[in-house]
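Only one chain is included here, represented as structure tokens and corresponding to the form predicted alone.
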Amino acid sequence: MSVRVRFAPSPTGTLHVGSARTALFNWLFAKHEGGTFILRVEDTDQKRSDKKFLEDIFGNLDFLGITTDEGPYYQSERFDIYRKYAQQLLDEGKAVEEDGAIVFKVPLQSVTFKDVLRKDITVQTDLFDSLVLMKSDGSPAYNFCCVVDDALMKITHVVRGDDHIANTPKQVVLYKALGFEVPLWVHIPLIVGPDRARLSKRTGATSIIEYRKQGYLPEALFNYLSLLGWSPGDNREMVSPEEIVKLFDIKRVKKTAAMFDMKKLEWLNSKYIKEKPTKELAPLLAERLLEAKMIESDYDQVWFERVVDVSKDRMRLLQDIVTQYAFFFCEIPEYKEEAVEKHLTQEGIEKTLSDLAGLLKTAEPFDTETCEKIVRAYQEEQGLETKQLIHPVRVAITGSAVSPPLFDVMSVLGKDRVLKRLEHTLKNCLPGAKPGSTA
């Protein structure tokens, strides 16, 4: 049996991580089995459906690398099909018309269906004695059109969240009434936050577009979502998409809820940023700087790649280039008050920075090795500790107490900017001056 699965989003909102994981598990299952992944848009609610949400869903599936083998199919274009099968049930006496709607009367029975993760599940139909097929406004009800579509599209496995378990017996009843073959079901546990409660915006239920804005790489999100409720074994956490497809086994999806851990996702993203070749990473970072108007379109790409080389090992998110490394792209950085108070108020700091500025004026070439040699020699000569020299110099040059390796930063900034910032610090940032003022 060739596997055929579907992802059926409703364009009434953006693609959130829970839906994205459902799409991903369907896609991985299809790819692993050499099957077919179908995209079906459940847009029967025309009042709430919006083209902008559809564009968001398509764009973010593409961002994650989730490609479609068939579709997209639109339920809004299939109303005639649903009416045909509703009429069939009317003609067979299995459904009746009530107040303009077509309603299926459910015979009292036990309904058993096979779930790949949970084995057999049995439900009594006294929980639902009737099912609306077609509403009085002429639109199909969810359970009915879902059954018709899955059957006609020859879906072999319905992979979806376990919040749909209550819908499954209703759908099984309709499958049998219509004479359709019932598919296998795979109800995957929902994602929860660190408090084990259902995922909320506070604990990570953000749309994929928000993660993209923050600067998560698609390969990091793909990797992380794949491992939410499934594991490749050997406690591995960083696995390529190709290997995940090769190893993915739908039967090994855990039956317990998967916890969404923002810190772990951030850590994984930092690993992918670190390993990404600079020539691939640089354009992604430049896009953000261009949008923030921190660089011009004719920026020096060779110099910018040097910035990326010295910065990427410390990056957690792509947006860090804007929020944490702005000091590379301005004449004078913003000085953090806490860093100034801690490192630029010690006794003798004015002489230290002044001496160092004089020494650095003679540096040739102004590279990492030369800068370090000059600073270390002065440190030894003056008998200074790291906190008395390196930290103050870092604040003077970057505005912050934290940065990539200082001598690399100095080399990338260049002699003119380093000297200008030391001069600015001497005039504006030492005791008695207001931090953050400009020269």
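Since we're looking at a predicted model, the values are computed, not measured. Quick note: we count residues from 1 along the sequence shown, nothing fancier.
Keep in mind that the form predicted in complex with ligand GLU is not shown, yet the notes after this line are about it.
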item: Location of ligand GLU contact in the predicted complex, chosen stretch of 337 to 345, 156 to 164, 189 to 197, 97 to 105 [non-hydrogen atom, 4.5 Å]; value: 156 to 164
item: 4.5 Å heavy atom contact with ligand GLU in the predicted complex for all of 375, 407 and 410; value: no
item: Ligand GLU: the contacting residue among 221, 273, 308, 146 in the predicted complex [heavy atom, 4.5 Å]; value: 146
item: 267, 142, 128, 180 - the one with a heavy atom within 4.5 Å of ligand GLU in the predicted complex; value: 142
item: Contact of residue 14 with ligand GLU in the predicted complex (heavy atom, 4.5 Å); value: no
item: 4.5 Å heavy atom contact, residue 428 to ligand GLU in the predicted complex; value: no
item: Residue 5: touches ligand GLU in the predicted complex, heavy atom cutoff 4.5 angstroms; value: no
item: Contact label in the predicted complex: residue 56 to ligand GLU, heavy atom within 4.5 Å; value: no
item: Contacts with ligand GLU in the predicted complex, stretch 35 to 65 (heavy atom within 4.5 Å); value: 42
